[in-house]
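Here you'll find one protein chain in two forms, each presented separately as structure tokens under the names structure 1 and structure 2.
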Structure 1
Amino acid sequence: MILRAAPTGGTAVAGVIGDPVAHSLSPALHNAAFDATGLDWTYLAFPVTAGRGGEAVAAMKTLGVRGLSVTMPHKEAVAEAADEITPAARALGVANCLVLGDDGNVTAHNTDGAGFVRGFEAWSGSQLLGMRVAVLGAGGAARAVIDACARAGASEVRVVNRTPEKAERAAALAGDVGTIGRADQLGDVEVIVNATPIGMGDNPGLPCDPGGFTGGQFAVDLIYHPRETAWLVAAATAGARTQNGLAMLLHQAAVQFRLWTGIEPPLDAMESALPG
């Protein structure tokens, strides 16, 4: 590992804004990447209270902060306040990454969906192109995955959600390949993604019955606390190939690193910075 020198007047600054932000894993991930590459950058956590996301975009320009990760509750506000916005962030209406360009303009990106696709494809060795994918949930994470799977060429993106109206809106993100499905009819899809919080921390239960899963299916849980949810354990027992949410977390950060620095992210170093 190349260790960076102490910050100087020339050190580039990146960071994360949110509330709360103290427990974010992003500083560990990005500072590990700067250490590994020897780039003269540093990454900090900035607590920014609700309603001040737009001010943070302006401050980014004033202070010359080169890149920001964005978490709750600012994802919508920064998407509105940025000078430019990518198609994925515009479609979702939320951004989780800001880039300060050489022209002084701030561009809003959403790297969650790309992080999911890269994390899945790197781990599975399979392309989402032509696959049938079911997504359990229709909230922020689900919408990013639905949009990205459709952009990656999935042949069907089936949304399964408790509230039908939200399922309809989320499926619309996938255009012609977006459909609505039921949790008890998932035998014909290749990939099943849990994008609900069921199974996270103290939230008990299973987002769908994994009893019928097969060895040909991939079961991906976006949850990473715990590393292995009861749903993933049951899916593996039924023969499915299983992946937790750490891959999406890692790869969305790697996409941000590349956007800010223009260089290839040191994935191994970033992965080592994740909690064991």
Structure 2
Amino acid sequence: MILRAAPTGGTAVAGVIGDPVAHSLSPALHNAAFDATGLDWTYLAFPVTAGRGGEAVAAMKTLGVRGLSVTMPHKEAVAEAADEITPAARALGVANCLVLGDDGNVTAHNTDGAGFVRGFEAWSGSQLLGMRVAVLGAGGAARAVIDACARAGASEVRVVNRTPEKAERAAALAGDVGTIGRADQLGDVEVIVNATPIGMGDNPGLPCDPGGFTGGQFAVDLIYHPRETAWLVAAATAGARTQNGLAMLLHQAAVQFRLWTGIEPPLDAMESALPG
């Protein structure tokens, strides 16, 4: 590890915006990466209240903040406020990464989908190619996973959501392999992904009944706070292999690091910064 000097007037600044944001692990991840590479960058958490995501984009340009990670509830607002947006982020309607270019323009990206695929495949040792995947939820994170799984070659991406209209729109992102399903009919899929906030913090409950899970299935919860949700515990008891959201967090952050700095992310150093 190359220890950085104290920040100076020339230190590049990146950060994360959200509401709330104090619990974010992103500062630990990115500052570990800057330490490992010796880059004169620093990464901070910026609490931005709901409804002010667009103002954060303007402030980024005014203050010269080089990059921002974006978490709830600002992903849609920043996608609309950015000067440019990648085709993938435009299709999803949400962005989780902003890059300030040398021309002063802000480009919106979405790294969640790539982070999910890379994290799942590295952890499971299996490719999503040919797999049947069920995604619980139809929000921003769910849509990113749906799109990415289809691009990775999943044979079916089944969307389960309480609102049929939202489920249909989300499933359309997967093209011909997108389908609509029910929470009580998941025994025939290989991968089940909880992309809802159910189970996070003060939002107790189970996104679906894991009692029907079987050995050989993968249960992935995008939540990492807590690291082991009640849903994952029940899924493991039923025989499924379980993964929380830390792998997706790590790998989507690695993609962001590359976008901001143009260099290969030090994955080992970033992973070591995650809680054990």
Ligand code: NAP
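Every value quoted in this text rests on a predicted model; they were computed, and no experiment measured them. Numbering for residues begins at 1 and runs along the sequence of structure 1.
Only structure 1 of the pair represents the form predicted together with the ligand. The rigid segments shift between structures 1 and 2, and of the options Thr111, Gly53, Val159, Thr196 the one at their hinge is Thr111. Superposing C-alpha atoms between structures 1 and 2 shows the smaller rigid body rotated by 19° with respect to the larger one.
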